[in-house]
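The chain that follows stands alone, in the form predicted alone, written as structure tokens.
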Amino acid sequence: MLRYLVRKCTGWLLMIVAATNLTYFLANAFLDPRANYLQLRPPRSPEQISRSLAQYNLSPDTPLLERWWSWVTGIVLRWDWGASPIGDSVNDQISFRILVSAQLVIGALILTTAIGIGLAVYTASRQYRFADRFHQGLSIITLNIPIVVAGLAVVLLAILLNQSLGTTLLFVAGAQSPGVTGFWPLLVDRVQHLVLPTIALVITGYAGTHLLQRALLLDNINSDFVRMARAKGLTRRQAIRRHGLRTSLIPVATSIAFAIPALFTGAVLTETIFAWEGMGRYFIQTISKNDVHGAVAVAAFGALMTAIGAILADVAVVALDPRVRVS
């Protein structure tokens, strides 16, 4: 198993390096850092713009391969991913925003998975009864609710709740309040900011896991090993939980693992609605501001998350399927 993981990690590392370098050349081809200086007043001459960009290794007057080599050596020797066209450190931005997104994404992913799988087991064991049809209909409705609508609805309800209580129980914007110090006050403040965006993500995300897991469970209900379990005296619900669930979890675990990179860099609307300065908003900002180094760093982070998701998916399959573990 260890040799297998080392081999997989090595392969993904090579793919990340290749994808990141390709993204660097594509970003230089389509993004123009000079655009950040064109609207300045008083206007700057092309020579002044070029000199300003040269200190950040972004000047178009410098040959592309020379810029690329300076960028690569900076990463390899100093782990320096460069600077934006206005001098902001990409390292500082990425390190801060990863933590912001992680607070939101990890909690929402855990809750979405737990609720989706739990509902799937509950409804599959009550196939075509009222509870099954009710939760199916509810999941179909929430699956089609845009995150913007869900986010704004949650914000409106939170505002009404705060007004009725006469105090701010849940914050509707930002990841934390300024000036809060101390472990417990800071923890409570983070939770107060985290509740609303997490609810919005869970409302729009659990249904996919629920419907997929339910369909897979129903496919396994009539399999030989489930029938054998029921013949030994287990009830339908017990047979589904103890035997059918483990096999049907494999595709769900794989899909959840590969959803990790999309959650980190794709929660743009959620972060915008709740004013969270995470990776999703940063990705949009790098494109809009022609930030070559920032865009490449986000792409590299997305590739890393994809690799982690793929490795976690392999580990989940090995843990859930004894046949794979033996092979």
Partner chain sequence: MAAEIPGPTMRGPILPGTDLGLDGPRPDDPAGSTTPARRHLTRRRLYLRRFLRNRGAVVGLVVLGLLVLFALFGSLFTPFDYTDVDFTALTAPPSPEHLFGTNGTGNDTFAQAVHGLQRSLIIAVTVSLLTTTIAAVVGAAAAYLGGRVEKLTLGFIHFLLVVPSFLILALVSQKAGGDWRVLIVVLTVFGWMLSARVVWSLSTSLREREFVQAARFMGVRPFQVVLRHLVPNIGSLLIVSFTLGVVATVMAETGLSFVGFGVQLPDVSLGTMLSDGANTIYSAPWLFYFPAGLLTLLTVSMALIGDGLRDALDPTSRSGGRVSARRAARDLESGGMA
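Residue numbers count along the first chain shown, from 1. Quantities reported herein were computed from a predicted structural model and do not represent experimental measurements. We call the rigid core whatever largest set of C-alpha positions still superposes within 1.5 Å between the two forms.
Just so you know, the form predicted in complex with the partner chain exists too; it's not on screen, but the next bit is about it.
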Original post:
Taking heavy atoms only, is residue 155 within 4.5 angstroms of the partner chain in the predicted bound form?
Top reply: yes
Subject >> Distance check, residue 288 to the partner chain in the predicted bound form, heavy atom within 4.5 Å >> reply: yes
Subject >> Partner contact for residue 19 in the predicted bound form: the partner chain, 4.5 angstroms, heavy atom >> reply: yes
Original post:
Can any non-hydrogen atom of residue 31 be found within 4.5 angstroms of the partner chain in the predicted bound form?
Top reply: yes
Original post:
Of the options 72, 111, 188, 159, which one has a non-hydrogen atom that comes within 4.5 Å of the partner chain in the predicted bound form?
Top reply: 159
**OP:** Have a look at 169, 148, 106, 215 for me and say which one sits with a heavy atom within 4.5 Å of the partner chain in the predicted bound form.
**Re:** 148
Original post:
For the chain seen here without its partner, which of 136-144, 191-199, 227-235, 175-183 has a heavy atom within 4.5 Å of the partner chain in the predicted bound form?
Top reply: 136-144
Original post:
Though the partner is not shown here, which residues of 268-304 have a heavy atom within 4.5 Å of the partner chain in the predicted bound form?
Top reply: 268, 269, 272, 273, 283, 284, 287, 288, 295, 298, 299, 303
**OP:** Answer yes if the Cα of residue 95 shifts by 2 angstroms or more between the shown form and the other one on a rigid-core superposition, and no otherwise.
**Re:** no
